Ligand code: SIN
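We begin with a single chain expressed as structure tokens, specifically the form predicted on its own.
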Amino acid sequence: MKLTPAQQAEFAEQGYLFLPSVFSPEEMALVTGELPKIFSETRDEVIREKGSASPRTAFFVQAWNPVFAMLARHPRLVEPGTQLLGSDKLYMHQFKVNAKAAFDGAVWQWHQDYATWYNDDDMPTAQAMNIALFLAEANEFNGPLMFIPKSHREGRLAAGHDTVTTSYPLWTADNDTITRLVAEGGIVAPKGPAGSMLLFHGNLVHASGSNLTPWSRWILYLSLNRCDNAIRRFKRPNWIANRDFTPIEMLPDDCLAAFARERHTAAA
């Protein structure tokens, strides 16, 4: 899936791009049908909310689930990254499902992802980005992602290491910085149905609030990095910060539908 010049220009200007309903309801039914099994796993890659059994994040799912293995190589998710990062040789720095569970999903503090990639993983430059796929509807109530438009133009901001607020440590921006950035750029929260996509720059400042609703908010993230920008520090586990810098080879666009047909035939 190729982005138009206008879409690429919008990404460069705002730091993000929202594409509603990129994947069909049938494709999303296959994907979301895997989530209960994934979140029920007891393994290091499945992080729970602080003080709760509710899932917060499931990392590296492509290595242990066949449906998500296809998403990690799906052209609708990977090809826009090759355009925006200016290289057809990208690798998967990080792959995860963030699960903001109904009634129990906690906050993600204001941060830039590149701050963590730089401080923890020694990624040389911000030539990396996120491709996010909504696995459930994101609405104004269930903790949608909030962006500060154009904040990616600030470069990498000073950040403090928050290891207390939640069960997952982040390098976060302070309140004074956020106040200034919001005064300059405002806040947006793109919302839409399952199957929608969000593309955003590694330096775009973002956060999300807690989820007090009965509607879980699940988002898959592909953090794509140029192979010539590979990380140089390996203190985090491979399933958080991937050390395999092999370029992604994309699958056919209909790979999910073909898999669903094969599974149905095998079960018949």
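Keep in mind that what you see is a predicted model, and the values were worked out from it rather than measured. Position 1 is the first residue in the sequence shown; the rest follow in order.
If you look for the form predicted in complex with the named molecule, you will not find it shown, but the lines that follow are about it.
Proximity of residue 60 to the named molecule in the model of the complex: non-hydrogen atoms within 4.5 Å are absent; the residue sits far from the partner. In the model of the complex, residue 211 stays away from the named molecule, with no heavy atom inside 4.5 Å. Heavy atoms of residue 76 never reach within 4.5 Å of the named molecule in the model of the complex, leaving it off the interface. The named molecule in the model of the complex is not approached by residue 95, whose heavy atoms all lie more than 4.5 angstroms from it. Stretch-level contact analysis of 60 to 68, 215 to 223, 41 to 49, 233 to 241 against the named molecule in the model of the complex, using heavy atoms and a 4.5 Å limit, identifies 215 to 223.
Relative to the named molecule in the model of the complex, residues 154, 159 and 201 are all farther than 4.5 Å at every heavy atom. This chain lacks the partner; the member of 171, 91, 118, 108 within 4.5 angstroms of the named molecule in the model of the complex by a non-hydrogen atom is 108.
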